[in-house]
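Next comes just one chain, in structure tokens: the form predicted on its own.
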């Protein structure tokens, strides 16, 4: 459904208010961090524990080398530079070079391993999210725009990759570095170490405050990113309307306001994480100053050597960076948790349309596909769409649904295919309630050709087959000829192997409809649903498509939604809908003779200067 057009603002008018940020997708009770980590551990990490342990060991070796490096500084100064023992210079140089070689090799290996693990888990999460979303019902997608869901599948799962690329390396490599460097510092002089660490207790309260800010801002940033994706999705879907209406500046302004919210939340998240690192710098500065005052006096008095001080100074200087990293660890962790919470919450949503419990109702044969709606009521949220709706579409016949927009015609198809369930009443096929039928088997009963049939950026052949296997070339040629696809396929540069572009953009409207009809012919389902299948076509395309549709409808139970009454004149039964109820039914001649709602619609379309055009709305 297209959104209502936005009025074009005058140059002097004030810009419209920024749209509100998207609400979280079906928020439920907030899970604890322990629940989130247990879910991630069981679902994606535990089975790779051995691989992960090897990476962690390599990180630990990488981190421990800093401690070894600082201990080598003491003999370098005391024995070689001050003591003049030149014979040791090769040994010390080899030791220092070995440290850097070991760090380089282990760093290369563990970073590559973690990158692989991160991408693997993110890909699994994205596949899991997509598979889960595709099982959710029509109502869910009615409430949540595609852009927000794209951000959930891509953005949140990628943000979670920070657990492996940012949190784990900080915790393992930098944590070991801190332990090794502190060990080296204590080995050199435990008093100097104690003095250097006096300021650490001052970090506790500020870090507790900052971690809450980072967690909240991380969640806000993900919501704003979803808003940006939604806005882009709307703009690119409606690009021609925007260009024709001169709305480029207006839409750019709306997008800029969404980006502004995202930018502010993202900057605050980064600033919160950086603030934790800055606190570590303050503590380090205070500790170093105190050690310099105390240790400098000892060196001047001959109680300590220059080599000892330089070794301690090296250990303490090298300690600052991993300490900063660990101080910022909580910020990175809170960002990961914010995304993890959103992904977990989405996966907890249960589809309202589910496979019924046995015993299942039998699936009808082709001759038993009479469709009945009995007192069906349905509403989107609190807005009623169908109000006690009754309908009978007999097997092998064509039943047409006509009426103004908003009468509930498309909702009939939605309920019939169980993309949603009615709040009251029941729907039967062959006398059996569809809510008791095997869900996959039920949907296999239908072939659908809609006004805007979905095509994918694959080859023309793939768009016709739609995953069907074992289709012979003869059968494929038969359906392509019957749907008049062969006529234009032969003119394409690569024939059936030509890619049709995103949403079939490389094809005309009539060509896209013929591809959809070829799909339906190949599917050979007993019930055919036609939703405004020719309403957007020119006269020649409509003639070709209508001929193909007539061939497709032969021997099938067919339900047709149409505004153009020319397409339903030959229907066995026409049902006139208005505000969710059937107000008239009969064949074309009967309804014209009755001089009721159908006759008025017919007169509106086939008299006066607007003859042949669809009714308003």
Ligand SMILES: Nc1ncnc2c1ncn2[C@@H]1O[C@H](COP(=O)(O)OP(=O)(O)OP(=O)(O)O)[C@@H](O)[C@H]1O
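Positions refer to the first chain, counted from 1. Rigid core here is just the name for the largest C-alpha set that superposes within 1.5 Å across the two forms. Computed from a prediction, not measured in an experiment: that's the story for all the values here.
The same protein also exists as the form predicted in complex with the ligand; that form is not shown, yet it is the one meant from here on.
*Asks:* Would you mind picking the one in 399, 417, 451, 314 that has a heavy atom within 4.5 Å of the ligand in the predicted complex?
*Replies:* Among 399, 417, 451, 314, a heavy atom within 4.5 Å of the ligand in the predicted complex occurs only for 451.
*Asks:* Between the options 365, 505, 491, 405, which residue brings a heavy atom to within 4.5 Å of the ligand in the predicted complex?
*Replies:* Comparing distances to the ligand in the predicted complex, the residue within 4.5 Å is 405.
*Asks:* Is there a heavy atom of residue 497 no more than 4.5 Å from a heavy atom of the ligand in the predicted complex?
*Replies:* The answer is no: residue 497 has no heavy atom within 4.5 Å of the ligand.
*Asks:* If you check in the predicted complex, is residue 106 within 4.5 Å of the ligand, heavy atoms only?
*Replies:* Outside the cut-off, so no.
*Asks:* Can you tell me if residue 369 lies within 4.5 angstroms of the ligand in the predicted complex, counting non-hydrogen atoms only?
*Replies:* Residue 369 lies outside the contact set for the ligand.
*Asks:* May I ask you to check whether residue 381 falls inside a 4.5 Å heavy atom distance of the ligand in the predicted complex?
*Replies:* Residue 381: contacts the ligand in the predicted complex.
*Asks:* 44, 120 and 343 - do all three of these have some heavy atom no more than 4.5 Å from the ligand in the predicted complex?
*Replies:* Judged in the predicted complex, none of 44, 120 and 343 sits within 4.5 Å of the ligand.
*Asks:* Based on heavy atom distances of 4.5 Å or less, which listed stretch (373-381, 506-514, 349-357, 154-162) is in contact with the ligand in the predicted complex?
*Replies:* Every other range fails; the passing one is 373-381.
*Asks:* Quick one: name the residues from 119-148 with any non-hydrogen atom within 4.5 angstroms of the ligand in the predicted complex.
*Replies:* If the 4.5 Å heavy-atom criterion is applied to the ligand in the predicted complex, 119-148 yields 138, 142.
*Asks:* Taking the rigid core as the reference frame, tell me whether residue 339 has a CA displacement of 2 angstroms or more between the shown form and the other one.
*Replies:* After core superposition, the C-alpha of residue 339 moves less than 2 Å between the shown form and the other one.
*Asks:* So with the core overlaid, does the Cα of residue 124 end up 2 Å or more away between the shown form and the other one?
*Replies:* No, the C-alpha moves less than 2 Å.
*Asks:* Determine, after fitting the two forms on their core, whether residue 290 shows a C-alpha shift of 2 Å or more between the shown form and the other one.
*Replies:* For residue 290, whose C-alpha is compared between the shown form and the other one after core superposition, the shift is less than 2 Å.
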